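Okay, so here's just one chain, in structure tokens, the form predicted on its own.
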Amino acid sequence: MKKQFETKKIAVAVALCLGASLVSAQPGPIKIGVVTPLSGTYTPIGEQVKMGLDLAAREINAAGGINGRKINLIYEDEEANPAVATQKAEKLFQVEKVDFLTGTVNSGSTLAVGQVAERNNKLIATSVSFADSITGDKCSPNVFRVNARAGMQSAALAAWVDKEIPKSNIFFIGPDYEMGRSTVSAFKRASTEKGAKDVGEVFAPLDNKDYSPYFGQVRAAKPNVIYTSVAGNDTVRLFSQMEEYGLNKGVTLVGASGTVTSQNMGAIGKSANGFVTGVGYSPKLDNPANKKFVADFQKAYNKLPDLYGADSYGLLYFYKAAVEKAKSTETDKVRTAMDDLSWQTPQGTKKMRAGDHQAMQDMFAVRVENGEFNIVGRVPSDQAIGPDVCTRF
């Protein structure tokens, strides 16, 4: 009897050990770091990023995850500050051991975090940053962009301006950092190639409180089109002050896709009416995937998605498709899988160009009318993408 008891004890111990081994062998969740502005002037953009990512993560996890593993999103506030963004990214890579990172809004943050990713042999993707340099002369093998860059937005907007206001005189107002100068440069090149005239430019600091000191220079240039690429709360102040000083009378106001969004349109008010932009997304896109996305987004948050929410939502499906193709979360295997990958988004099918890691997609010109973005023009992806100038990989 004693011998039988001892045998049973040994069997139980072995079973417990095997059970423990099996438990420890189960893969945990896939950790994705999100470094995005949750405070400061770009907070409304960061909120759309978070809403889009959270919605996609809930859907993917409810359907079983990626290769059977759930997604765990870990957020850090970058404050739209590249120095803060690099610290938070380093923490997520080194301490949290995230498998992948996204969320950067400020183009300077994306460029800086890309260097951190290279040092840690990890991949990142932006769903917001516009600066052409990110997938151009400062491209990185570890950085991907799923949203439209400044040159693609400019292609759609310049085509509309050339059709509606040919041979226009354009004045440019941008925020004084990487994205601002890149977007102004891209639209200036696209519009002047079609016959428009550059009549002047100013660059104001990020989070600028008073734009009126620049208005005399704008009036002296006598533009009939003003282009701007300010964003977030800066747009509210610029548009309100232009209305107050009558600067927008007799002028068509156009700009980058991040200038007027569903997040700041309410605060801008009637001053946003008539604003036209080139953009990679509109809630009014007429396809089944977008209709479902918009309905789910409104149900979850009681508001419409903008391009940041849509592109951040699509980003997780891009990563999911790559990991499933690679059958791994290892950096080299996922990078290879991402090259030339096609995946489904609310905008339709996108394809990641392997040469510079820039997503290809159709582009649209949209005009703000009574609080809505109505589509007024379209440029196919092969005409909007522009040349691949990346030489690093």
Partner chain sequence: MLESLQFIYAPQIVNGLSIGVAVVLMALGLTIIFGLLDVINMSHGEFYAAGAFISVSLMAMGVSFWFCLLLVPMILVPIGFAMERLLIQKVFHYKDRHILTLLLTFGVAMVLEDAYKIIWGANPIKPSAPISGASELLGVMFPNYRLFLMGFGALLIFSVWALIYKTQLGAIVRASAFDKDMSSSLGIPVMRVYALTFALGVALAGLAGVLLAPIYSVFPTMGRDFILMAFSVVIVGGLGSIKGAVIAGILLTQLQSISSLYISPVWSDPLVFTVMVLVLMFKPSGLYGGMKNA
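Everything numeric in this text was worked out from a predicted model, so none of it was measured. Residue numbers count along the first chain shown, from 1.
This protein has a second form, the form predicted in complex with the partner chain, left out of what is shown; the following refers to that one.
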query: Interface residue in the predicted complex among 287, 121, 212, 94, criterion: non-hydrogen atom within 4.5 angstroms of the partner chain; finding: 212
query: Contact assignment for the partner chain in the predicted complex, among 241, 72, 248, 87, heavy atom within 4.5 Å; finding: 241
query: Among 276-284, 191-199, 257-265, 148-156, the region lying within 4.5 Å of the partner chain in the predicted complex by heavy atom distance; finding: 257-265
query: 4.5 Å heavy atom contact, residue 38 to the partner chain in the predicted complex; finding: yes
query: 4.5 angstroms heavy atom contact with the partner chain in the predicted complex for residue 330; finding: no
query: Contact flag, residue 137 vs the partner chain in the predicted complex, heavy atom cut 4.5 Å; finding: no
query: Close approach of residue 233 to the partner chain in the predicted complex, 4.5 Å, heavy atom; finding: yes
query: Partner contacts for 217-231, taking the partner chain in the predicted complex and a 4.5 Å heavy atom cut-off; finding: 217, 219, 220
